[in-house]
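Presented below, as structure tokens, is a lone chain in the form predicted alone.
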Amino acid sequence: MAVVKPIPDRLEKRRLTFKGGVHPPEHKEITEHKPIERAPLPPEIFLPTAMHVGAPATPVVAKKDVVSRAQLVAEASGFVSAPIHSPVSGTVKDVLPLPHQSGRMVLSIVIQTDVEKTEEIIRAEASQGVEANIDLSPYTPEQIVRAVKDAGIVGLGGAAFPTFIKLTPNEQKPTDIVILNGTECEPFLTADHRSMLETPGRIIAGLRLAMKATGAPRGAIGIEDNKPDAIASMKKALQEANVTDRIEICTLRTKYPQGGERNLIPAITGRAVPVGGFPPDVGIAIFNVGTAAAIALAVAHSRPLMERVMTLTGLGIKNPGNLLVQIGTPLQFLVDKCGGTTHGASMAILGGPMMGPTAPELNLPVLKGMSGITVLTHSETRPRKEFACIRCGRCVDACPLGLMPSLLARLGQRRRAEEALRLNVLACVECGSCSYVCPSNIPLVQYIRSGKAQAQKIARKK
């Protein structure tokens, strides 16, 4: 194992941050004070077999099959894959290729909802809580990993990487700290914020289970300082669990993209993930707070990942809010339940406006890693004329990874992938900070993304 930098003995007294970044308008006030509400059940759900990193799942049901809530409907088809479970009781209407947020057609399972039966099961589940002081003694690390794998849990922060892989101990790369990401630095989104206010015990329980699975002696929860109520809520849950000697709340300066793991990890631990490397290379496992809550339910109640909290927000939504929704629910159904769109609505974004892709249509289903829908208005999405680069260097100052975005963008435009590769173009996480500060309105990320695609082809050949 490579020698890694030791973590400071105490973290919570420091206000942590990273170099670079930007401060876009937050717009959190639209939904941050709105409690999570359970969304109504849709008449049909659509479950794409590709809603996670890795190989798509393989359907194990067929047309006209009757299924129950929590039943396995698609099994993992490889090591890096995840099973899919039905969020509703009902009848399989069809298994066929349907539009996906990637723009491709993806094999999907369509289930007609039996609303009455599903609601009966959900009411029974409502009594199943998980507290911060959960007794960990009944669960071995192997049992925790197996429960999470069988539950089909993937990263709920957007990456959708199968969680059991991160939890599996590695003797060559032992984990000495588990970090929960509660920063939610994207503008508009407040799903994680509300979860930390309303289910802090479940999140702490999930963190403790993750620490036991990985063998990590320490835990940390990163929360930006624009969420003082969430910080207080999580601290109270830690005290109730009597684990304040092992787990700390790290108050981070509010700045985008603080939630990126290559920014959050050095801000909290002082360690840097190497280019081309991963958090385990520096002894760290990192999860979203929503993922931690899902871990707790999977281990304590054998409950698979069937639902998640989402924020429906933006000036283009009539009644924005935070909803607990079933995976596979059509986005249009959720927007309609929030009163529909306003007269000036022009663009729907899957997630937040800095990194979220534009939704090609609203009849797409909710995926496991989908944290919200942001609907913007015409005035917010008005095209801006692109001008020549004035070499002001603002993009360099804003880049959280110390890259040269303007140069990488030019290399991408001119298809000079070899040079871009030497300048670490593959380290770019496409956070959008450079494009945000550019006074010439150059879509730097778009050009860099093109250069990355070219560079990746070259890197694979080497």
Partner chain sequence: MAAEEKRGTRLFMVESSPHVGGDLTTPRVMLDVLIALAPATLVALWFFKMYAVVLVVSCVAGAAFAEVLANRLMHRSNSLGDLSAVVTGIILAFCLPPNFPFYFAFMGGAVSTGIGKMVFGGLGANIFNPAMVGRAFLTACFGTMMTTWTVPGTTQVIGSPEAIEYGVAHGLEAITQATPMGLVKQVLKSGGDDPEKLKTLVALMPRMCLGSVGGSLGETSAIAILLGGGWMLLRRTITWHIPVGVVLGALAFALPAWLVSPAAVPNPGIHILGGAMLFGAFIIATDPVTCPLSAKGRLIFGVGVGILTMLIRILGGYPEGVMYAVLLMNALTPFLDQWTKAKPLGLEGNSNA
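Positions refer to the first chain, counted from 1. The structure presented is a predicted model; accordingly, all values stated were derived computationally and were not measured.
The next section is about a form of this same protein that is not shown, the form predicted in complex with its partner chain.
Contact with its partner chain in the model of the complex, defined as a heavy atom within 4.5 Å, is made by none of 200, 219 and 226. A single residue from the set 83, 280, 155, 356 has any heavy atom within 4.5 angstroms of its partner chain in the model of the complex; that residue is 356. Checking 115, 232, 136, 389 for any heavy atom within 4.5 Å of its partner chain in the model of the complex turns up a single hit: 389.
Of the candidate stretches 244-252, 172-180, 287-295, 94-102, only 94-102 has residues whose heavy atoms lie within 4.5 Å of its partner chain in the model of the complex. In the model of the complex, none of the heavy atoms of residue 123 sits within 4.5 Å of a heavy atom of its partner chain. Proximity of residue 69 to its partner chain in the model of the complex: non-hydrogen atoms within 4.5 Å are absent; the residue sits far from the partner. Its partner chain in the model of the complex is not approached by residue 50, whose heavy atoms all lie more than 4.5 angstroms from it. Shown alone here, residue 194 lies farther than 4.5 Å from its partner chain in the model of the complex, counting heavy atoms only.
Along 255-283, a non-hydrogen atom within 4.5 Å of its partner chain in the model of the complex is carried by 262, 263, 266, 270, 271, 272, 273, 274, 275, in order along the sequence.
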